[in-house]
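In the form predicted on its own, a lone chain appears below as structure tokens.
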């Protein structure tokens, strides 16, 4: 009897979370699986069209351009955020004055709303009256400023904004891993004549391996499905230069922007098919990395 009561008590705590998962997770996925075979605009009657949505995806150059942009965006974000966060973690793991304050400062962007962060950066990188261009003109670094959100620099700008928002989170994870490495190992290596670079190469990186693999996996997934800051900064423009995969998907369900949004029609059926293909692409990349990391562990 007591066991039954304990089980019921435990399930009562699990029930709210299970209901939220069912309503906000499983049901939308099931809904998308159904309507990706339909021509459905979000109103009226849904018309069954079989695999027509998927054949349309194969011909949709805008979608495949967004896939390419996603890989460029994700690659740039990973190449900058992972080394930078590891470097910051290594520095702030040392006994330096004010390290607790510095840790809080670098972690701060993680808890700030992505939309708020993007609005702040829009005022900085605005091509006409942005803070950064005013600084460049004032100190004669540039005569007319730089079009940071234009075709030439827009992708670099959104990558830098994404790196600023991600570094603090990954830094914290690296810090947790570094603090689990015994100091005795470093002391022994110092007695054997190892310098700081050799300690980092032959002690820190190998012992940080599991954390590094986890951070890279999280970074890959977050980079591939990130779009919020891009939506605020450029709305995927100019001319689709920064339109990533999940921003393209978002626009099929919720058109954004001014004049462009007024001519864009909601396409729930086609959007569901695009969502499925996008999820498959992210899943395949994650599985490839997971398989590669396991093979590396076996080689080690």
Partner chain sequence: MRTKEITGKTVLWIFLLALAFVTLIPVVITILGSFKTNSELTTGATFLPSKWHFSNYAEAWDQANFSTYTVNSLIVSLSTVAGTLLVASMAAYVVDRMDFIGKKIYVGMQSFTMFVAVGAVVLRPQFDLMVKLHLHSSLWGVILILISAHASIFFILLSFMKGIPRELDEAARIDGSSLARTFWTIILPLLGPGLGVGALFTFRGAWNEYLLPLVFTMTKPELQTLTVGLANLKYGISAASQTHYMMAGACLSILPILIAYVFANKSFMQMTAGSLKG
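Here the rigid core means the biggest group of C-alpha atoms that line up within 1.5 Å when the two forms are laid on top of each other. The shown structure was predicted, so the numbers you read here are calculated from the model rather than taken from an experiment. Residue numbers count along the first chain shown, from 1.
There is also a form predicted in complex with its partner chain; it is not shown, and the following applies to it.
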Location of its partner chain contact in the predicted bound form, chosen stretch of 104 to 112, 151 to 159, 200 to 208, 185 to 193 [non-hydrogen atom, 4.5 Å]:
104 to 112
For the spot marked by 26, 124 and 173, is every residue within 4.5 Å of its partner chain in the predicted bound form through some heavy atom?
yes
Look up in the predicted bound form whether residue 93 has a non-hydrogen atom within 4.5 angstroms of its partner chain, and give yes or no.
no
Whether residue 54 contacts its partner chain in the predicted bound form should be assessed with a 4.5 Å heavy atom distance threshold; does it?
no
Is residue 140 close enough to its partner chain in the predicted bound form to count, meaning some heavy atom within 4.5 Å?
no
Close approach of residue 228 to its partner chain in the predicted bound form, 4.5 Å, heavy atom
yes
In the predicted bound form, the residue from 181, 218, 72, 79 that sits within 4.5 Å of its partner chain by heavy atoms
218
Does anything in 13 to 29 come within 4.5 Å of its partner chain in the predicted bound form by heavy atoms, and if so which residues, in order?
13, 14, 16, 17, 18, 20, 21, 22, 23, 24, 25, 26, 27, 28, 29
Examine residue 286 after superposing the rigid core and state whether its CA is displaced by 2 Å or more between this form and the one not shown.
no
